[in-house]
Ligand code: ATP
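Quick heads-up: it's one chain on its own, the form predicted on its own, in structure tokens.
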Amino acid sequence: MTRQLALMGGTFDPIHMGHLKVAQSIYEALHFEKIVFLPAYIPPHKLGQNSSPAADRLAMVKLALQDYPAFTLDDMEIKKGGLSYTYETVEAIRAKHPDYEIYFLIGADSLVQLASWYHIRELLDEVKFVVARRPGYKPDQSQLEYHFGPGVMERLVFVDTVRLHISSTDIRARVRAGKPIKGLVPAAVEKYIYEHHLYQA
């Protein structure tokens, strides 16, 4: 039986319950051996935006994963520095885990952005994308085949997940405005945010 692991990348500024619940529902649906969280140093699509220091984002992910034994943290993109390209990260993961089949988790709203990803054609040969979708969502197959070729649907796995209306942008705004964020992030992450004075005006 092929061993399988899934990767979940992101800025995680901060990591929140939406990230964790989606990952958990995908883990339960597809029975991955583990899900690896990969905080980006600088995501190419967020170039020019100010993110919190990598050390803080890394610490928050570490705290958030404490209650999820199937979730692990890999800080390779933080250690590497510079722009974090998924293709390069996947190549490094494959070198570390040559006997695994690798999947990459994205939201359905990111599907249309895939065409702009670095070496996306090669990446589609290397991994299958697990697409977290709302129940009832139907992909536009003709549009996807237009961008990626007729075999693209074989490289995509669609999983219905509970969509929590939580965003890192909103959490940062709430902290700046002095509004509570209880329940939006794990309690340990909430404590870290306030103790380290993150996102405050």
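Residue positions are given as counts along the sequence shown, with the first one as 1. Everything numeric in this text was worked out from a predicted model, so none of it was measured.
Unshown form predicted together with adenosine-5'-triphosphate (ATP); subsequent notes refer to it.
**Q** Can any non-hydrogen atom of residue 11 be found within 4.5 angstroms of adenosine-5'-triphosphate (ATP) in the model of the complex?
**A** Because a heavy atom of residue 11 falls inside 4.5 Å of adenosine-5'-triphosphate (ATP) in the model of the complex, the answer is yes.
**Q** Residue 134 versus adenosine-5'-triphosphate (ATP), in the model of the complex: is there a non-hydrogen atom within 4.5 Å?
**A** Contact with adenosine-5'-triphosphate (ATP), yes.
**Q** Determine whether any heavy atom of residue 143 comes within 4.5 Å of a heavy atom of adenosine-5'-triphosphate (ATP) in the model of the complex, and answer yes or no.
**A** Looking in the model of the complex, residue contacts with adenosine-5'-triphosphate (ATP) do not include residue 143, since no heavy atom lies within 4.5 Å.
**Q** Please check if residue 167 has a heavy atom lying within 4.5 Å of any heavy atom of adenosine-5'-triphosphate (ATP) in the model of the complex.
**A** Contact check for residue 167: yes, within 4.5 Å of adenosine-5'-triphosphate (ATP) in the model of the complex.
**Q** Which among 145 to 153, 159 to 167, 28 to 36, 63 to 71 is in contact with adenosine-5'-triphosphate (ATP) in the model of the complex, heavy atoms within 4.5 angstroms?
**A** Contact-bearing stretch, as computed: 159 to 167.
**Q** Go through 124, 83, 102, 106 and name the one with a heavy atom inside 4.5 Å of adenosine-5'-triphosphate (ATP) in the model of the complex.
**A** Checking each option against adenosine-5'-triphosphate (ATP) in the model of the complex, the one that comes within 4.5 Å is 106.
**Q** Output the sequence-ordered list of residues from 11 to 41 with at least one heavy atom within 4.5 Å of adenosine-5'-triphosphate (ATP) in the model of the complex.
**A** Those in contact are 11, 12, 16, 18, 19, 22.
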